[in-house]
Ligand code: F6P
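Okay, here we've got a single chain as structure tokens, the form predicted on its own, with questions on binding and movement later.
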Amino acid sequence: MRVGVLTGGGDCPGLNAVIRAVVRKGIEVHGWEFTGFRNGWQGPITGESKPLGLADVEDILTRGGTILRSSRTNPYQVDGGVEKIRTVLEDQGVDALIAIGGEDTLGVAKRLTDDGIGVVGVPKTIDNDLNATDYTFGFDTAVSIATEAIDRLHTTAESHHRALVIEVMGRHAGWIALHSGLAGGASVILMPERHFSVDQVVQWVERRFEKEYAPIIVVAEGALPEGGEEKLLTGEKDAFGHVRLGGIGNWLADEISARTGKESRAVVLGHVQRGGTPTAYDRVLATRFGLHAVDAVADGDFGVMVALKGTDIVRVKLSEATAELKTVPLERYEEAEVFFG
């Protein structure tokens, strides 16, 4: 049996750990062969691939990014994309696919399964917004990186007695903002799930200054002021129709300066949250996902995604995993509000 592996969407710490686990178990337990498709769904469309053997995955556990590279290619937006995938898989003797990605990559996996191509999904996103799994790998690393940045920014904010607005990733879900903000002792946390009042933010900031401390405001890139519109870095859209967001941090820092008369600066963490070596937690979770994805392929159980439920790895339907985003519940945000100001 020959199995194809691909990584789609944004890169994420832990992708290589999944690839390593899939190849190691597939070869050593089942005697399978593996093909690594390059650049996400672009690989099985164009046929760009390479064999994956034990030597190829020997030293990749701790490496960030993905040895297979990635893209945001959508086969359903490519003329004849699905039929090209069928042809490539047949020509290369690939019997099944393991797709590692987020909502867009796994949404394609679901549609391909419906169209008769056997796919097993592995959930990956630093945003932790995939439904039907408690956590996705990459999230813990992103939170750790953001928390370390907040820790460092506390000292420079205190030294200059200025407000610092830290913009983190989170288009529609504020999991990174919530967790890093709580862990980093932020004065305010702002998320897409709840529109914020600029007046209220200013009150929290001023209260912090009155206590002789420098305010730290953590804001997700998709957070919105009441009555406001999404702050766009560009008007560009990717192959899945997502607008590229950004700019809320700088806008809010300017608002705080204008309303308080205090110096305020913005720090946009951006892609640094995706980069570097994965945390121990993400290495273990990604490895377990890879091992269980191989089991699903061995069982011929396609159209499923491996998921974390408590401490167990289970299988859920791709349709369940991609039906809706997992956003931060209001009660979780209300827990954090105790520490605002």
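Every value quoted in this text rests on a predicted model; they were computed, and no experiment measured them. In this text, residue numbers run from 1 along the sequence as written.
Only in words, not in the display: the form predicted in complex with the named molecule, which the text now covers.
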With heavy atoms only and a cut-off of 4.5 Å, decide whether Asp127 touches the named molecule in the predicted bound form. yes
Is the gap between Ala186 and the named molecule in the predicted bound form 4.5 Å or less for some heavy atom pair? no
Is the gap between Arg259 and the named molecule in the predicted bound form 4.5 Å or less for some heavy atom pair? no
Using a 4.5 Å heavy atom cut-off, state whether Arg274 contacts the named molecule in the predicted bound form. yes
Arg72, Arg194, His154, Arg86 - the one with a heavy atom within 4.5 Å of the named molecule in the predicted bound form: Arg72
Taking the named molecule in the predicted bound form as the reference, which of Arg111, Arg171, Arg265, Arg207 has a non-hydrogen atom within 4.5 Å? Arg171
Stretch in contact, per heavy atom within 4.5 angstroms of the named molecule in the predicted bound form, of 163 to 171, 112 to 120, 78 to 86, 177 to 185: 163 to 171
